[in-house]
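First, one chain by itself: the form predicted on its own, in structure tokens.
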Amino acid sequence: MVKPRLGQHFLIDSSVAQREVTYAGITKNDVVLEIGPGKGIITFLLAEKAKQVIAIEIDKHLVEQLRTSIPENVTLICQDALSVDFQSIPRFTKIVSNLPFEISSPLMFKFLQSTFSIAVLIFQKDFAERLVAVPGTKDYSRLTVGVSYKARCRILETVPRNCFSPQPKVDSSIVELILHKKPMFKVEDEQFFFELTKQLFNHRRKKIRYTIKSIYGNLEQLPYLEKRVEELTPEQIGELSNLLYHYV
């Protein structure tokens, strides 16, 4: 039984599953993390190629079904992926998932705090477009900035909505995420940078000066005060964060 509150849209097109796994270049040296294995269409393909698969599924009914048929190299964890400490599970080298739509954003930020070589993920198309958006566009967001700081991201293909059951209202995309060996630009304090980015995009139509003044006071010596955050590149937001961090 499908549980809409869990954002369940099961991938039913085996050719899409095959391509997603192929994009990740899985080898027998890889430990692969999968979030939301569902009925296992991707899980079984990963198990054929990987050393180990760590599959995290919140739905107890699905976990019970999977346990009757999964290969020995698949470790099933029945838990909310957002509550799992990735440090407490076997160290994974890659992530391959058809992600639950409802938690795509917090999962992405959680992935960015971990270590892996490549992630190949299925997102709703509009979410995927936010990941790769450029400044000055409506899709450019806090998510875009956070991802570009940590990783290189590109959309590999569009997945039609009829490849899922139940069929979602929009198409999806397969996205490739490759972590930078070190962040794309320097920030003095990551927590401060991410919080500032969040605050600025919460007021994206305001000039930056008004958002900063309301939180940190009047700091006229900072750059970009007459711009809106959607006009700044991720690097410029990083520059602003570094200067502001030393003032406060």
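Here the structure is a predicted model, which is why all the values come from computation and not from measurement. Residue numbers here begin at 1 and follow the sequence given.
As for the form predicted together with a small molecule, it is not shown, yet the points below apply to it.
With the partner removed from view, the residue among I58, L45, L179, I54 that has a non-hydrogen atom within 4.5 Å of the small molecule in the predicted complex turns out to be I58. Scanning V31, I70, I41, V187 against the small molecule in the predicted complex with a 4.5 Å heavy atom cut-off leaves one residue, I41. Residues placing heavy atoms within 4.5 Å of the small molecule in the predicted complex fall in a single listed stretch, namely 97-105, out of 129-137, 97-105, 113-121, 146-154.
Among heavy atoms of S241, none comes within 4.5 Å of the small molecule in the predicted complex.
In the predicted complex, none of the heavy atoms of D171 sits within 4.5 Å of a heavy atom of the small molecule. Taking the partner from the other structure, the small molecule in the predicted complex has a heavy atom within 4.5 Å of a heavy atom of F10. The closest non-hydrogen atom of L196 lies beyond 4.5 Å of the small molecule in the predicted complex. Highlighted residues I212, Q221 and V248: none comes within 4.5 Å of the small molecule in the predicted complex, counting any heavy atom.
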